[in-house]
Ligand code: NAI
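Below you will find one chain, with nothing else, as structure tokens; this is the form predicted on its own, and questions on how it binds or moves follow later.
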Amino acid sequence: MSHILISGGSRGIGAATAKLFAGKGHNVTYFFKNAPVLQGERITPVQCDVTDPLSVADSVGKACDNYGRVEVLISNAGISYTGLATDFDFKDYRMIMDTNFGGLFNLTSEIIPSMVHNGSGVILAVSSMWGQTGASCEALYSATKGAVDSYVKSLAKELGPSGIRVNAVSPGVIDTDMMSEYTDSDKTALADDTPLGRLGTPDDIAQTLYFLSGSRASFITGQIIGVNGGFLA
């Protein structure tokens, strides 16, 4: 079975994805920053700061020592800031950009050479619908996800001849810890604004990532797959 590497795998979308792949018999390494919340059979946590290239290189090495080369990379680690664009300073900009886009860049820089050498591999990024349309009071977050989308499309063109597929899943409003600052009435309003009438779940995203990783998606690359309940149509 394949070795799946997931950044930001302790909770939310990352944890749901790790559990799904492990449940299908794959070996899963997930990166965590502070504490290894998720435990399970075929699931191995490795501490990593995705904003730091040296940390990423060391952690990828540990992951490969455990399970061999990485066949599927899922870049999921991310943070979100909510507020007016003028509320944030350069330090905030650097932190969110280095996490949301820099994490993807650092991970792919470390993993791509092995995938090219082997002539195969799948790279998946967790983006956001705000990267496509922008969100008021989430300008920095939206910008980082827009960068993720452009990078995914570019990598797909660059790596396609080497047999590597690159896609992003673009979630809508998903009920995770990232929404903890929203009130119940806020969540109800967002569900009402979603044509399917509910918030998404981490498993909705995990199932899409699982599909994109497999042979049934063998002719899909360079795509930003919206999983948003019709919110962005």
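Keep in mind it's a predicted model, so treat the numbers as computed, not measured. For every residue, the number given is its place in the sequence shown, counted from 1.
The protein also exists as the form predicted together with the named molecule; that form is not presented, and the subsequent description refers to it.
Student: Using heavy atoms only and a 4.5 Å cut-off, determine which of 70, 48, 164, 206 is in contact with the named molecule in the predicted complex.
Tutor: Contact check passes for 48.
Student: Tell me which of 110-118, 84-92, 153-161, 137-145 has residues with heavy atoms within 4.5 angstroms of the named molecule in the predicted complex?
Tutor: Stretch 137-145 is the one.
Student: Verify the contact flag for residue 106: yes if a non-hydrogen atom of it lies within 4.5 Å of a non-hydrogen atom of the named molecule in the predicted complex, no if not.
Tutor: Output for residue 106 is no: heavy atoms all beyond 4.5 Å of the named molecule.
Student: Counting only non-hydrogen atoms and a 4.5 angstroms cut-off, does residue 221 reach the named molecule in the predicted complex?
Tutor: The answer is no: residue 221 has no heavy atom within 4.5 Å of the named molecule.
Student: Residue 27: heavy atom within 4.5 Å of the named molecule in the predicted complex?
Tutor: Residue-level check for residue 27: no, no contact with the named molecule.
Student: Using a 4.5 Å heavy atom cut-off, state whether residue 212 contacts the named molecule in the predicted complex.
Tutor: No, residue 212 stays farther than 4.5 Å from the named molecule in the predicted complex.
Student: Is any part of 146-182 within 4.5 angstroms of the named molecule in the predicted complex by a non-hydrogen atom, and which residues would that be?
Tutor: Those in contact are 171, 172, 173, 174, 176, 177, 178, 179.
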